[in-house]
Each structure stands twice: as structure tokens, then as C-alpha cells.
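Below, in C-alpha cells: the form predicted alone, a single chain.
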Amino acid sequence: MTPRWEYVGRVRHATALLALLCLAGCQPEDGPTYEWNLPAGFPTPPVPDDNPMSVEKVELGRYLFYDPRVSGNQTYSCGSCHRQELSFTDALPVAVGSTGSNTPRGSMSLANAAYHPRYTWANPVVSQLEDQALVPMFGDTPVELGTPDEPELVARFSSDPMYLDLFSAAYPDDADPITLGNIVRAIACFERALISGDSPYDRYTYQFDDAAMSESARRGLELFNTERLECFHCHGGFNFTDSLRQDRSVMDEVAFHNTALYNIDGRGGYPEPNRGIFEFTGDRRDMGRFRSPSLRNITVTAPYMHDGSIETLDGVLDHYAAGGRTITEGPYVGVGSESPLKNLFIHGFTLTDEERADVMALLSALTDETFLTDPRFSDPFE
């Protein structure tokens, strides 16, 4: 029987009191000495035993993340598709690789990627940032970075005195620290360090700053957490998503959803090659099921959905208010609201003009300007 990647958990809305009592700044008793300096209300991210965090590895990873020498033709870096000012997305409907080929899906935000139990839009297998990094580096359908083989890659960095110092500092026990494995581990450490938690919402909720969030945004938060809109089911918790892993998790909370974006065959079908985790399981019930992205910094990550097919947040709100998207012309004609595979929480709703403005105010209040401009995460080559 085809294995089925079932929904194994749902992050529900957590009150500020619960977050502060149970989650804030929890550190593992015998963990590494790296200081996370986490925002209030944030649990400690999980870290693989074979790649503990260190300041030196994070700094090396930052350089490697922005260095185009990781790509085959030395024109693209990880930062080419993950720009800090856009919450580490790229403003394109689908990402474009170093050789000009379009990828099937858009670049996901790396904000708080440390807490994700699975990576990419629709891969139920990739569960560590170290493994995820290998996909753009060495994937060839399509080519993203097109990273060269290890000897050439190592040679590029071994000839640079700056990298000799950075690798030696990051891996002081390694006789030959410049290796593909260490490159991947350092990039993963930098990505784990990309913690976003200083939005107006955070200051209002976790720091009890009543002036941080407008009355409109507060009303939007109330609407967000109602059964009428159902937003919180898929975008709940401190990270506004229902997929979560933290340091003390008993099990990963992983969810993939069909949001009725397409219904091209009247049976819930999605167009190739973007058919969700169905591509892995072959189970018809998995058609169109994608991971819910975090809503943090959502105002700067347009366009939206896995394929960038909705340009604005107003359009996204229209989509959910209708209970699914209707497409009336072109190759993808279909009525999404009639999809038999759509998530049960997508049933449609109506909003007054004021209520719509309130929801939009809440989404704006999730923007963390500090994160988008933090020099610790910026391109060191600029």
C-alpha cells in the first residue's frame, strides 16, 4: 500500500499567558552554549546533535549564504532567492534558478525556519535544514544553484584567506575544515538563527505593550481566532502555522492542506507539476495538499500561494471568503469551492468593509521591521 503522510497534529491558538509560562526562552539543560536570545513567547528551536549551533558557524554560514561561488556558474547565491528585506523570499511567483530555469514553486520565507518540521511547500520527507540545502544545491530538475562537485567547490573557498580563517574558527577540531558537509552545516546554522519575533503583534501579545497594535488590528485578531473565519486552525500558535517542531516536542506537528485553489477536473485536481504531496504518496486524497506557510511578515512576501498565483493579500482574503477560487477561463477552469478534497475549514465567510480592514490591519501587524533590517542577517559582501 502506498504510504500515507497523515496529518499528525495541529498548532492551536496559544494565549500569551500560556506562551510566557511554558515556552519563553526555554533552554535545554545539557544543550550547546549558543545564546539564542529568543523573543518572549518563543520556545527553543531544535538543533541536530551532529550540528550544534555556534556563533562562528552562524557567521560562516552567513558568508556562504550570500556567496555566489556556491552556484555552478558563480552568479547565484542562496540570498538571490531569499532576500532579507522580503523576509527571505524573492517577490517572484516562482523562483528562477542560476541558469534561468523556472522552478515549480515560489521561494518560501526563511523566517523562523528553525521551527519547521518539514521543508519546502510539499515535501513530507525533508525534515532538516541540512538536507533541504542539498535540494537547491544539487537538484537538476530544474537547476537552482547548480553547485559543482565537492572538489571544485572546496577549491573555490580554499583559495580565499578570509574563508580559511572562517572555516578554522567554525570547525577548530577539523584538520581540513573546508568540506561540503561543513559548508552545508554552516548554512543551516545561519538559517536557524533567522528568528523573527519583534512585530507589533509580538510587542502587544508577549511584551504587554498596549500601544504596539492598533484597535483595528486587535479586532482583526479576534476575528482571526473565530470559528467564523477559521484562520487560526492552519495559522495558529506563536509562528502562525500549524506545522511546528521545538526543542521539547514529543513529536513533530505536521500538516498539509488543500486550500481549493484549483479544481481542474471537478474532482479536486491540481495542475502538474504542483499537485502537493500527492507527488510523493500517489494517494488521490493528497492532491493539492501543501504546507501552510507562516503568516509572519506576510505583507512583504507577495505574491501568494505555492505558485504565486494570487498577487495581493486582498486577493487571498477573497479566495478564502469564497471558500475556494473560481477560474473561468484558460487551462485551469474550475470551481475550487466545489472541490471534494478541500480542507474542511475552508467553507467561506462574509466580511463587512470594516472587518476586512481589521483583518488586514492584523496581517500588517505581523511585520517585523527589525528582522527585515537586522545587520546580523544582512549580506556581508555589501
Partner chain sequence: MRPLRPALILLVASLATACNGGAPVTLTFAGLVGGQPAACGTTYSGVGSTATDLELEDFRLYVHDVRLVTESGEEVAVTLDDDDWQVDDIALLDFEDGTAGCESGNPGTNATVRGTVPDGSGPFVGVRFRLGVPFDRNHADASTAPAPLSFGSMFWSWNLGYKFLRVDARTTGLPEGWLLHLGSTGCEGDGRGNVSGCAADNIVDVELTGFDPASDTIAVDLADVLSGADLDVNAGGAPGCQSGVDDTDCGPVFDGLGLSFAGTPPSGPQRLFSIRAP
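Treat the numbers as computed from the prediction; the structure is a model and nothing was measured. Numbering follows the first chain given and starts at 1.
Here the subject shifts to the form predicted in complex with its partner chain, a form of this protein not shown in this document.
Asker: Given that the partner is absent here, state which listed stretch (159-167, 251-259, 90-98, 173-181) has heavy atoms within 4.5 Å of its partner chain in the model of the complex.
Answerer: That would be stretch 251-259.
Asker: Within 4.5 Å of its partner chain in the model of the complex, do Asp49, Gln128 and Ala155 each have at least one heavy atom?
Answerer: Per the other structure, none of Asp49, Gln128 and Ala155 touch its partner chain.
Asker: Is His306 part of the interface with its partner chain in the model of the complex - any heavy atom within 4.5 Å?
Answerer: No, His306 sits far enough from its partner chain in the model of the complex that none of its heavy atoms falls within 4.5 Å.
Asker: Just checking whether Glu227 would be counted as a contact of its partner chain in the model of the complex - the rule being heavy atoms within 4.5 angstroms.
Answerer: Yes, contact at 4.5 Å.
Asker: May I ask you to state whether Tyr206 is within 4.5 Å of its partner chain in the model of the complex, using heavy atom distances?
Answerer: Contact check for Tyr206: yes, within 4.5 Å of its partner chain in the model of the complex.
Asker: Taking heavy atoms only, is Lys342 within 4.5 angstroms of its partner chain in the model of the complex?
Answerer: Yes.
Asker: Which residue, Arg105, Arg275, Arg285, Arg219, is the contact with its partner chain in the model of the complex, using a 4.5 Å heavy atom cutoff?
Answerer: Only one option qualifies, and that one is Arg285.
Asker: Just to confirm, with a 4.5 Å cut-off on non-hydrogen atoms, which of His233, His116, Arg185, His82 contacts its partner chain in the model of the complex?
Answerer: Going through each option in turn, the one that passes is His233.
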